[in-house]
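Next up: just one chain, as C-alpha cells, the form predicted on its own.
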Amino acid sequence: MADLLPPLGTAQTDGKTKVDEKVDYSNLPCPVPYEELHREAIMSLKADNFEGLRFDFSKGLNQKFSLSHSVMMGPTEVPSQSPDTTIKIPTAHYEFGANYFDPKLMLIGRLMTDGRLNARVKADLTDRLVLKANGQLTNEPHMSHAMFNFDYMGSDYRAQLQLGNSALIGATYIQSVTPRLSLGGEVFWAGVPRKSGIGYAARYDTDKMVATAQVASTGTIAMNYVQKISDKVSLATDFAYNYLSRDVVASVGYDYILRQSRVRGKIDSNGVASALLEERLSMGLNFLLSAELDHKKKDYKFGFGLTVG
C-alpha cells in the first residue's frame, strides 16, 4: 500500500511548484516595441552588407559630443529593363556626421556630398513618453520627408502614434498577454495616395528561442524563428509571402560571436548567399569583410572596410 501512495513530502513539493508557476497577470513584463518585433532575426538575417571600400572614423570631443567621417567607394545599382541584369555605375561618397548623446536626449546628423541631409532626434519627454523624429532633405523632387513618433511605455504594453508628411497617420499597440506571449496590431492612413492598412502581430520568446508572425492588409505575411544555441551562437530562419503579388522568399542564417570577431551569414530561396565578418584588430580598430553572391543574376559583390574610433 505504501508503494501505491506518493510520499507526503513529494506531494507537498509538487503542489508548491504548481503554486509557484501560477502566472501573475497583474505583473506581466513590458513587450518589445512593435517595430522591433523581428529584431533578433534582423540581426542575423539582415546584416549590413556592402560592396567596394568603406572607411568610418569617429572621434569624441567630450563625453556627449562626437564627430564622424565616412568614405564609401563602390558601384551603385541602377534599374534595368531585364530583371536578370544588373547595371552598376562607379560612385564615391563622403559623409560628415555630428552626434550628441545625453541620457534624455539624442541628436544625430549626417551630411553627404550628393546634397542629402539626414537628421534623427530622440527625446525622453517623461519617464514613459518618448519622442522620436527623423527627416531627410534632398535636391530630388518629392524625396524629402519627415516622420514623428510618440512612444508610450506602460507596465505591460506599448503604444505609438506616427505622424509624417504626405498626410501619413499611423498607430501601433502591443500587449503582453502572458510572460512569454505578446499580441499587437497596427493601422495607418496615407492621405496623398489615399491608402490605408491594418495589421496584426504575435511574438513568443523564451531564454532559448524567439518566434514572431505578422500579417497586414497590404498583402504581407512574415514569420521568423530564432534559436539561441548558446550565448554566442544563434540560428535564424524567416519566411515572407505577399498574397497580392504572389512573391515569396525564405532564408536561413547564423550569427556567431567569437572573442575578437563576429560572423553573420545567410542563404535564401532565390539562391543569394551573403556573409559579413567584423574583426576587432585592436581597441577602437575594426576590420570589415563583406560578400554577397547571386548566381541567378550573376551578380557578385565584395567589400572591405575599416572602422576607427
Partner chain sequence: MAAKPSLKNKGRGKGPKGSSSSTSSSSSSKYELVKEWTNWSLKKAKVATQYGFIPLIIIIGMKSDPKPHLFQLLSPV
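Worth saying up front: this structure is predicted, and the values here are computed from it rather than measured. Numbering follows the first chain given and starts at 1.
Quick note: we don't show the form predicted together with the partner chain, though the next part is all about it.
Taking non-hydrogen atoms only, residue 155 never approaches the partner chain to within 4.5 angstroms in the model of the complex. Although the partner is absent from this view, residue 170 stays clear of the partner chain in the model of the complex, with no non-hydrogen atom inside 4.5 angstroms. Put simply, residue 120 is close to the partner chain in the model of the complex: some heavy atom of it is within 4.5 Å.
The closest heavy atom approach of residue 59 to the partner chain in the model of the complex falls within 4.5 Å. This chain appears without its partner; in the model of the complex, the one residue of 96, 189, 225, 204 with a heavy atom within 4.5 Å of the partner chain is 96.
Between the options 144, 218, 175, 162, the residue in contact with the partner chain in the model of the complex by a heavy atom within 4.5 angstroms is 144.
Annotated contact segment (heavy atom within 4.5 Å of the partner chain in the model of the complex): 99-107, selected among 209-217, 227-235, 189-197, 99-107. Here the marked residues 67, 111 and 138 all reach the partner chain in the model of the complex, each with a heavy atom within 4.5 angstroms.
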